[in-house]
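Only one chain is given next, in structure tokens, and it is the form predicted on its own.
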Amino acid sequence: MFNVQVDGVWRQFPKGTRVIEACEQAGSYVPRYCYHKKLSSPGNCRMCLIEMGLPKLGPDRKPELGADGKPVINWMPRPQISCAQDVAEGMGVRTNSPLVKECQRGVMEFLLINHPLDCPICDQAGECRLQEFSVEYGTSESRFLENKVKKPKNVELGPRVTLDDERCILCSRCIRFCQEIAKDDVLGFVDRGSNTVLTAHPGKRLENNYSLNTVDICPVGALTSSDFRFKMRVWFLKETKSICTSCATGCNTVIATREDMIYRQTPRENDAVNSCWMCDYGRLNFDYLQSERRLLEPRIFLGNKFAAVDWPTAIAHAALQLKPFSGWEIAVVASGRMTNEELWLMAQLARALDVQLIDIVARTGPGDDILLSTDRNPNTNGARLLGITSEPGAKLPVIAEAVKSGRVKALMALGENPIDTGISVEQLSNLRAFIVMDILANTATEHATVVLPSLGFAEKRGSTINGKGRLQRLNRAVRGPGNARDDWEILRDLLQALTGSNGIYSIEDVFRQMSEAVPQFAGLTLSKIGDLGVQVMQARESPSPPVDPAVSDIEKAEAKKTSGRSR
């Protein structure tokens, strides 16, 4: 621990702490543009200039001590950047002296010389560092009389990122991110002086699977998300902390919504999971929640057609269809996208019916060495821990064969399409009972005897365990459409209709049941999981399964781009 004087107060900081971070920890925020704590420090924006000094040495080469017993500081005559310097023993720092304030005003004046005055129409308005710092550290007038330099506007750097070069302040954050994190050196500066512009290298595009992180770290409105661009002002958005459910990594996210519509997902910092990044595939994987194929009403098959019914009727009808069967006559195709609470209730339902054939669908895709996992199920570890499966997908061929032979007479599909597991449409039509609980209509729902519409990841609460064994929490950001219900409520009501059990009134009650029965959850509640999660299992390396052909266009492009090259 080093003793450092920050604005006249002596404090202690660990060796290796950047001066800019030490100042922030001491409550003296130093403005910055080029500095980002997860990237290297080029020191090119000069916004973080401070006064710095080192202990004054006496004739014996030892620090001179003042009346208070502390070292006397020998201040340097010129200001120093705080982003590229680590703390040292006896160092002194001034962040609010007249010299520092004059430096900040000067830097802001230079940055704004050629910057367009288009804050009212800028997509970054409301979360722009240049806008904020110009008020706090700049001046209210400009001495610049010449014409501003014009630069390219509305430039598509890639399929998901649009650049307005006039707004770029040359902080180089995006360049360093592509080099150091994404390992895709595609961006750079060209030309000199006031004509310097950001651009992609000749013959290259910003199309890696992490390109939208450059939009997150851009301190101004230069880099914008093509998907979110001009759709909504950020101050109208409600932000909800949650997690991404597109793969087993479980990146921590912030879901931005308005009037039950999701407009964007951005990464939330969690060093134990995703640092402060997330992939484009997971970030943009929410449009299906507004799909026209959403299931909105519970339906039952009566006679020769479907009829929309209320929930009590649908649950009673499903229970009535399941009661005549038990054991090997019933099979359950579940999903690794279900929360722990849903899997727990499903396991209780399976025990009540003595179901032996139960498994989850193994969903896979191309992964990388950054964040994207080959396991596209967010809760495979939860299914393992709760005894649903030991090897995902191992029992699915057995289930398909049992349905084909007619031994299975009742099938439950929970969040999955059983046709993808090898069961034909004709075989589904021959089932005595085929109960579907899902978000979207598919080829299987047309042949169901009962359809129970459920909610998506942003419409419900619950918990999952990511690929590294970390228990994390989903939070509801929007309300579900129509009469769709929370999955755990559907399973609870079905369990009550079959067994008469009661006593579960909230999702906290479900988690309490799990914590009493599962040692890894002992002493935990949903609230105690917290925003950053809790480690409950050892990390388990999943084998590299064959790639699922049903991968997104983003994944296909990334797989093609990185084939033959180590990431």
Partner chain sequence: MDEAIGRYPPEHKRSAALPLLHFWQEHFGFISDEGVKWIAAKLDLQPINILELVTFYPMFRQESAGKTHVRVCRTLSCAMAGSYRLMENLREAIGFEPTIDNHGTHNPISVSPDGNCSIEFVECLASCGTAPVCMIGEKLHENVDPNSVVDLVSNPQSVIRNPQSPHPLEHRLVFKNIGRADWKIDIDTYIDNGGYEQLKKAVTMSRVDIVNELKTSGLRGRGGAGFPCGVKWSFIKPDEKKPIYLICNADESEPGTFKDRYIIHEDPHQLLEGILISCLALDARTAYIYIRGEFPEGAKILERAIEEARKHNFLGKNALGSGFDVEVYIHRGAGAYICGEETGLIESLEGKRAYPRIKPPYFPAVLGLYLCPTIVNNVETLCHVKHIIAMGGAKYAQLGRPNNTGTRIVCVSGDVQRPGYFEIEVGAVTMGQLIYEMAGGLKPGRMLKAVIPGGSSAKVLRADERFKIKDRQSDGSIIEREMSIDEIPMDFDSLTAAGSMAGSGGVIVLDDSRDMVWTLNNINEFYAHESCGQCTPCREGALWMKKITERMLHGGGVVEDPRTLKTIGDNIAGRTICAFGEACAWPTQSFVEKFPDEFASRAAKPVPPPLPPEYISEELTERETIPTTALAHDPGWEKAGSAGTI
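Residue numbers count along the first chain shown, from 1. The structure displayed is predicted, hence computed values, not measured ones.
Keep in mind the form predicted together with the partner chain is missing from the figure; the text below concerns it.
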query: One stretch from 284-292, 94-102, 67-75, 441-449 that, in the model of the complex, holds residues within 4.5 Å of the partner chain by heavy atom; finding: 94-102
query: Triple contact flag Glu109, Glu146 and Asp185 to the partner chain in the model of the complex, non-hydrogen atom at 4.5 angstroms; finding: yes
query: Contact flag, Phe189 vs the partner chain in the model of the complex, heavy atom cut 4.5 Å; finding: yes
query: Exercise: Asn475 in contact with the partner chain in the model of the complex, heavy atom 4.5 Å; finding: no
query: Touches the partner chain in the model of the complex: Gly43 (any heavy atom, 4.5 Å); finding: yes
query: Met514: touches the partner chain in the model of the complex, heavy atom cutoff 4.5 angstroms; finding: no
query: In the model of the complex, the one of Asn430, Thr199, Thr240, Ser275 near the partner chain [non-hydrogen atom within 4.5 angstroms]; finding: Thr199
query: The partner chain: the contacting residue among Ser424, Ser405, Ser390, Ser194 in the model of the complex [heavy atom, 4.5 Å]; finding: Ser194
